[in-house]
Structure formats: C-alpha cells, structure tokens
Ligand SMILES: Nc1ncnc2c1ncn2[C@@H]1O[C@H](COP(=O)(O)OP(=O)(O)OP(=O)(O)O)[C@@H](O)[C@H]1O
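Given next, in structure tokens, is a single chain: the form predicted on its own.
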C-alpha cells in the first residue's frame, strides 16, 4: 500500500490556472474522491499523479518520495477510465492479461493470476467470452481486472461509472467499494456525482475552479460544508439566516424571524454574529400542528416520490424544502409543526 501526498500542486495552461496550490494527503489503502463540476481541475490533477501531465509547480510524493522525475510507466499506476477501452478481438482472459503479457510474465503465472483476478471481480467462467458478449457492468469489471492484475501502487479512476445506467451504477458502486477494501489499493476516484462520492469514498475533496476548497469525510462534507457553494453542490439544502445567541459548549441559538432554532456546537460560533445556517430537507421532521416541540408551519405544496414525500413548508416568509417518509401524509394548506434537531443545523464558518 502506498501513501500519496500532493504538495502545493499547480498546473497552468497559458494564462489559465487549471489547478492551483493543491494540498492533499491520501492515506495508505484509502479511497479519496475528487468531486466537482466539469472543468474544475479534478481530471488534470489525476493526470498529473499518473505522470501524463507535468505540474507547473508543487510536488507529487509516493511514500514521501517525489515522483516528478519518474516516467508514467515506472510509477506503478493503474488507471480505470470512463470508457472501458477493451480490445474487441480479444477474449476476456486476454484483455485482462494484456499488461502481464507485455511484461513477458511466464504463461503459467499469467493463467494463475488471471484466474485469481477473475474470481475477485466475480467473472469466473467468463474468460473465453468477448467484450461484445458482456453487459456494460461486466465490461467495466474486466477493465478493473486488467488494472488490478498488474498490482499497482495506486489506482486512479476517472468517471468510471458515467456510461452505465442508473441501476448498473448502483451495483458497480457497491462492487468497487467491496473490491477496494478487499485489495487495499490506495485509490483516487474522480467524479462529478455526489452520490458516488458519498457512497464510495473514505474522504472527499471538493474542487471548484482549480482549487480544493474542502476535504473531509462524506458526513462532514454533506452535513458540515464550509461554504454555501459546497452545500449547494452537495444537493438541495435550506438556508436560514439569523443572529447567534447563547453560544456555549452545547451549541447556540439562531434567532430568526420565524423563531429560535438551536444549532450544533462549533468553534467558529460567536454570540451576536450574523449567521447563515444550512439544514438538509431529509433532516427536518413534520409533526401534527398540536405538537409543541416544533415551530408552526403550513404545507404549501407536496409531491409524492414513492418512499418519500417532498414538501414546501412555509414558516412565515421562510419556505423550507422537506423530505418526509411516505407512511404519513400532510395535505396542501395543512398546519403542521416543524422540528429540526440541533445537530442537523450547521452554521457556515464565515458567520
């Protein structure tokens, strides 16, 4: 297993800074997702790690040794791309063994390792089939097998699931998670899909405009974003503005036009400061109007989504987006009580 560290990494194309002063530490055997919109610099970062692009500044270190002078083929990198790039005229076994054959590995050793890796990716018995005889998910597993059979120091994955349909993406996310944990290969996974990043990664690095703006666990990125832009990119959220009061070890009170809301404790909270808090729709509870534990609200609109209902709920001039379970239902115009647990209310640090 290899530790990867990016130290002040930057890449400039003419007058454009594609990646700016990027610092990132990827622990041995972990999976870190680089998450951001198209054009934010995440693929350029991946290409620099692989040696396919040369940094304008900064360093790339494997186990604290710089690899800037090491050519791509000597870095021990395994790459999985958005396109499978399988050889259509070769069987699954020959596609998987291609890298070993190029290295002149003994035939018996190749056969042994191909059998092992096909078992790992759950394709035992598929060795003699051709890519055209496989589903999209099976083809992607062949591409992954071709990568891991070479026993790379690092595995880099660039939007590997974007060509699959929704059900296959879900299946492949679960497969990649199990495989990465089983093999323990240090992995950097590039995606623009928030669900992929949350489900797959040990840690997520969010990138905008070439900058790494926040790094943390999926739970930290989703529930405690550092900026409004990060919160918005991670999905629908509610913004509640007010003034902080009663700041202490147990949290604080956000005094708003619709009432007092308790918020989670954080070091950056200051009594009297103007603040903006965020709370996710699924973290708001709707209760009958006679429940005195919440704030009074009124259902503006409801939309049925099968397992959940999406509501727009008015608290005075503040309208909240709420996701509630569909085992109960409130009608449009119905008066309700809105309850938000303090640990789900997060005040942005710039407050």
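Everything numeric in this text was worked out from a predicted model, so none of it was measured. Numbering follows the first chain given and starts at 1.
Not on display, but discussed next: the form predicted in complex with the ligand.
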Within 4.5 Å of the ligand in the model of the complex by heavy atoms, the stretch out of 65 to 73, 280 to 288, 32 to 40, 297 to 305 is 32 to 40
inquiry  = Test of understanding: in the model of the complex, would residue 18 fall inside 4.5 Å of the ligand by heavy atoms?
reply    = yes
| query | Would residue 82 sit within 4.5 Å of the ligand in the model of the complex, counting heavy atoms only? | reply | yes
